[in-house]
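Listed next as structure tokens is one chain, alone, in the form predicted alone.
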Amino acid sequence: MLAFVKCFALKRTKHPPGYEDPHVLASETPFTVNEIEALYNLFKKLSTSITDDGLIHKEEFLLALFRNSSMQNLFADRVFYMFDRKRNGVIEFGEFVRSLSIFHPYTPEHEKSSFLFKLYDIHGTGFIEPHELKKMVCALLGETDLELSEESIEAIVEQTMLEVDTNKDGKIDEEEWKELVAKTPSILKNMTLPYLKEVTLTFPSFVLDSEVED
């Protein structure tokens, strides 16, 4: 009997570093257990696209988002940095789910706002300074076909600082950012991905072999 138990234990599914129980993740995010299982299958596809080690490397992340594994773009770098919560250069499954949950339709706006603030706070000082804002504006413009002159970009940054930096200390703090979001909620428009509300319908092929029931 003991030999049988040991044999059974050896056949249990091996999970990569950073794997977390779907039930735990479901208790901490808007996703259900079955949706997290669907995301795990998506994660496995992404994490084996270049290096088969069960972790999403930056090149794999860029390949998934921009179809280009060698892309050089500050915006892409910042998004990867925000997903890589342990700051170890890779995205583990738990990090993938928790970061993706920020974009869920049911996630409170204050969490989306905080995530976006940190995305712009390039140096992690707790403030968004003019040069950081300019870098992010340039990076975002790089994702579009819109071309603006250096003077136009400077004007955008100056006008933004003039309107948002209410205490006139030359930088935007999180409270000022919250006021900006309250006045201009469209800033958070891209922070919500509607299809995350129905992950198992969006990725139906990923849940055909689901082992867990809600």
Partner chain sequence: MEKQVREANSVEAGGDSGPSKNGENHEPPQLANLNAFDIIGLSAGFDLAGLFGDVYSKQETRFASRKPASVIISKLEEVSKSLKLKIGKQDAGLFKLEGSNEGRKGALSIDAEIFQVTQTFHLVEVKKCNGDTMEYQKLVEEDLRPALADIVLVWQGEKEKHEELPRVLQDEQEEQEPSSSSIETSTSNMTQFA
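Given the structure is predicted, the values throughout are model-derived calculations rather than measurements. Heads up, when I say rigid core I mean the largest set of C-alphas that superpose within 1.5 Å between the two forms. Numbering follows the first chain given and starts at 1.
In what follows, reference is made to the form predicted together with the partner chain, a form of this protein that is not presented.
### Query
Is there any non-hydrogen atom of L25 lying within 4.5 Å of the partner chain in the predicted bound form?
Although the partner chain is absent here, L25 would stay clear of it in the predicted bound form, with no heavy atoms inside 4.5 Å.
### Message
Test of understanding: in the predicted bound form, would E163 fall inside 4.5 Å of the partner chain by heavy atoms?
### Response
Heavy-atom contact with the partner chain at 4.5 Å: present for E163.
### Query
Quick one: is G94 in contact with the partner chain in the predicted bound form, heavy atoms, 4.5 Å cut-off?
No, G94 sits far enough from the partner chain in the predicted bound form that none of its heavy atoms falls within 4.5 Å.
### Task
Give a yes/no on whether I187 approaches the partner chain to within 4.5 Å in the predicted bound form, heavy atoms considered.
Yes, contact at 4.5 Å.
#### Entry: Residues from 121-138 in contact with the partner chain (non-hydrogen atom within 4.5 Å) in the predicted bound form
The stretch touches the partner through I128, L133, M136, V137.
#### Entry: Large Cα move at S152 between this form and the one not shown, threshold 2 Å, rigid core
The answer is yes, as the C-alpha of S152 shifts between this form and the one not shown by 2 Å or more after core alignment.
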